[in-house]
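Here you get one chain, nothing else, as structure tokens; it is the form predicted alone.
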Amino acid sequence: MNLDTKYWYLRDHKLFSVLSSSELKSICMITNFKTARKGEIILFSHDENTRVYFLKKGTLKIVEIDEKGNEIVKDLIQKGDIFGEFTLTETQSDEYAVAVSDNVICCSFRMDDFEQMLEKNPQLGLSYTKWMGFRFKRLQSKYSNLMFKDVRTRFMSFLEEWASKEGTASADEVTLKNYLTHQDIASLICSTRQTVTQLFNEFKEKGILDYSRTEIILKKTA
């Protein structure tokens, strides 16, 4: 990928919007871009070269392997999100990021390079701190939902949040491209696959939503 393309990819990201053109051009020299198609793995947590990733296009899911070898979906990563070693600390968990949509594009920095960028650019450091604040606020909201809301509410809240980010709206409904399995959704809302399937069928019977293997349609209420 040439420097001009890298420049515009970085310029489009909110985190780097605080930098001047010359500062961005210098950063382009140390960043790495990677593309992936659906099903391809972007990174493993145990890679020797730890990096900070910025998702430019597409959607990823963060998957963790539990003690029994089962795959558990921990989070969805969408356009503009930062993932990998975003806390700037090492992790011991066994997880990876896999593309769930076609034509995924992300850029990344070695963790040492990224730390130096933050030290040399106070505005960038402040921008990153604000982003971390939003990230933790999102996590707090997620845990609050798990603690205080029942599974039906968590299920609908998840679908509504997903639709607000990626849905295509019409006069009376919002359509989502369905790239998650019922097990994926169950992991994300701390439920079971059977319960998620039951909820899909229950809300379909009530006319609240419709779904197929390829899409989910949420009906707008008056």
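When you see a residue number, it is the position in the sequence shown, counting from 1. From a predicted model like this one, the values you see are computed outputs, not experimental measurements.
The following text describes the form predicted in complex with the DNA, which does not appear among the structures shown.
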| query | finding |
| --- | --- |
| Site check Ser17, Ser21 and Ser26: each within 4.5 Å of the DNA in the model of the complex by heavy atom | no |
| Heavy atom within 4.5 Å of the DNA in the model of the complex - the one residue of Thr50, Thr175, Ser157, Ser191 that qualifies | Ser191 |
| Listed residue (Val151, Leu76, Leu124, Ile72) with a non-hydrogen atom within 4.5 angstroms of the DNA in the model of the complex | Val151 |
| is_contact(Phe203, the DNA) in the model of the complex, heavy atom dist at most 4.5 Å | no |
| Partner proximity in the model of the complex: Thr35 to the DNA, non-hydrogen atom cutoff 4.5 Å | no |
| Contact flag, Ser164 vs the DNA in the model of the complex, heavy atom cut 4.5 Å | no |
| Contact of Lys57 with the DNA in the model of the complex (heavy atom, 4.5 Å) | no |
